[in-house]
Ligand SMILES: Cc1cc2nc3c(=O)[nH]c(=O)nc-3n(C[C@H](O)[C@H](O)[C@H](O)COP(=O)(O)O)c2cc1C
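Quick setup: one chain, the form predicted alone, written in structure tokens, and binding and motion questions come after.
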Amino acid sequence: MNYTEVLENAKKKIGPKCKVCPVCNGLACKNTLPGPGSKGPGNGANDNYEAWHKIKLNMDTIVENTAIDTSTSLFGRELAFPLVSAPIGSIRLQYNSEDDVRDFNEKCMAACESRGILHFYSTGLEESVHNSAIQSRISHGNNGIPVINPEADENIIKQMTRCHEKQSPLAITVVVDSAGLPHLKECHGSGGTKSVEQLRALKEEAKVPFIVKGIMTAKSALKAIDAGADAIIVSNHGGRVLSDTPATAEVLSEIADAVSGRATIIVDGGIRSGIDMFKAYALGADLCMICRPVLISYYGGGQEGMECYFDKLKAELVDTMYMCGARQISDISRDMIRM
């Protein structure tokens, strides 16, 4: 199976809201919520995508002709390359009413296990979703990290956190950017913004490394670190939660400068290729997170479809590193890109 076949298969299965465009750039789906699009009136998904393409690469091939090493680690866990797949709460609500996110989580963890990376999975809108995901995580080498929605009541988050304690995950994530999702508010009565003190209490409950998703300013990054975050995810929820926010590529470097190595930095939003990933590392990210194309690949071929997409990303990253003079991930620096 090649990636063109994956896309063709996905068109037949994914449902009416996603058009399976040749490049997933947010233009065809526009403002479809619930769905893959953006919260109106703007199009943050397309803004995210376009921002990476404004950054150019500085080619440098006057270097030793040695092998490329894409390996890295997260909290002591070795990864084949610096990528994690993103959480999806409900594909039934957002894509196809006949489908179940539990099957997506199972096949995505299997694909991530085979390719040496990690899957961040949502606790979802139903208890059965996170119970099933825990079992999938355990069966696939503990390679999943739970992402808990920002319930209005942090006691619910603490209860979900305790569900994972017996089979301890590598880390636990609380997502705060989804406080702006209209359908989440409908389900829970409130999106659930969180104070530094509330995040600090959740960090104490976690007992494992603590990740905060939804950071878009240096100020917010420092708040998360003050709350005890071991990692942050620079994210505007795929451009879906607030119109006219900057793209993640536009804020990444200032956030990385403010964090200054005190927390691991993961970034998502419009990253579609290994070239985009390279640019993210040059701007200060430690890992990239990708959502929509991974889901499209699931519809296009299940586990095999996602493995095909992961292989494509890694090959593109290797080629970019080779042509820009980087031989390992730590070699990638800002002088390798042109803003």
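No experiment lies behind these values; they were computed from the predicted model shown. So that there is no doubt, residue numbering starts at 1 and follows the sequence shown.
Although not depicted, the form predicted in complex with the named molecule is the subject of the following passage.
None of Thr72, Thr264, Gln94, Ser132 but one reaches within 4.5 angstroms of the named molecule in the predicted bound form through a heavy atom, and that residue is Gln94.
In the predicted bound form, the named molecule sits beyond 4.5 Å of every heavy atom of Lys39. Among heavy atoms of Gly144, none comes within 4.5 Å of the named molecule in the predicted bound form.
Residue contact with the named molecule in the predicted bound form: Gly270 places a heavy atom within 4.5 Å of it. Though the partner is left out of this view, His237 does reach within 4.5 Å of the named molecule in the predicted bound form, counting heavy atoms only. With the named molecule left out of view, the stretch that reaches within 4.5 Å of it through heavy atoms in the predicted bound form is, among 204 to 212, 85 to 93, 110 to 118, 249 to 257, 85 to 93. Contact check for Asn58, Val318 and Ile337: none of the three has a heavy atom within 4.5 Å of the named molecule in the predicted bound form.
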